[in-house]
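Read the single chain below, which is given as structure tokens and is the form predicted alone.
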Amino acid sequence: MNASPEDLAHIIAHVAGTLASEHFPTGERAALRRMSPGQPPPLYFYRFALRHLPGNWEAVEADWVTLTAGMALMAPNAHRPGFSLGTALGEAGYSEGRMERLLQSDGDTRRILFLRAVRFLAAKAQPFDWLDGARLLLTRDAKKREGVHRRIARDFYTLVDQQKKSA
């Protein structure tokens, strides 16, 4: 993904807003929610992708399928700009073991574990900044990816440590 951080933030906000819109067809949203890594996406995804995803989405199609499915799962309250994925998972009580497996995974395993984390957050009605999710899946450069992991882990443990102190 070659989009600048501002471009990616704009794209994520647009996708989340589109999926959350009351005018978005519920049947299409349901089909997008059911998408799963490793499975062929429905025709609706291609129409959605051509209208709303960046021009190079096909280069990382599996990641965009996962991001779209996750945002559709959490719609209409998926995106909370400025509220990090790590903080959301920490606040919702996500386990350290699951966090470790998510950050150490790669490929379809990462996509599957990420969608499981999204389902966990959806069940807790805990939106987050989807820019973190996009960076987690779309970042290919090893150094930048490690920075994404560090930021998610830092936000997660900051909240978990605060909860332990106040308990």
Partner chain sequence: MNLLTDPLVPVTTAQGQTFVNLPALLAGLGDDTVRRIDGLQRHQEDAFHVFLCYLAGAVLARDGDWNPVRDEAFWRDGMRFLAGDAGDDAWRLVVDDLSRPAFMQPPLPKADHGKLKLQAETPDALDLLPTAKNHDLKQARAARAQPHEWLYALVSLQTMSGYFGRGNPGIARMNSGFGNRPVVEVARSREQAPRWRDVVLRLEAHRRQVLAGSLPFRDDGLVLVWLRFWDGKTSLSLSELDPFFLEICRRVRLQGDGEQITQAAGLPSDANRIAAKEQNGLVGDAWLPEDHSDKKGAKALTVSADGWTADRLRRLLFEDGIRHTLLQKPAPDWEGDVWLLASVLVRGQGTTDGFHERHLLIPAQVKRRLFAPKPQVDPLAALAKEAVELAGLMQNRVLKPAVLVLAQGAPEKLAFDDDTTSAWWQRFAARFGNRWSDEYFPWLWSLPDPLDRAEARLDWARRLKAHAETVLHEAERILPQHTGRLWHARVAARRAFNGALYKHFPDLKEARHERIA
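Numbering follows the first chain given and starts at 1. Since this is a predicted model, take the numbers as computed values, not measurements.
Not pictured, yet referred to below: the form predicted in complex with the partner chain.
In plain terms, the part of the chain that comes close to the partner chain in the predicted complex, with a heavy atom within 4.5 Å, is 95-103 out of 44-52, 95-103, 62-70, 22-30.
Three-residue candidate spot T109, R116 and R119; no residue lies within 4.5 angstroms of the partner chain in the predicted complex by any non-hydrogen atom. Residue contact with the partner chain in the predicted complex: D161 places a heavy atom within 4.5 Å of it. Using a 4.5 Å cutoff between non-hydrogen atoms, A9 does not count as a contact of the partner chain in the predicted complex. Interface membership of K144, defined by any non-hydrogen atom within 4.5 Å of the partner chain in the predicted complex, is ruled out.
In the predicted complex, R154 approaches the partner chain with a heavy atom inside 4.5 Å.
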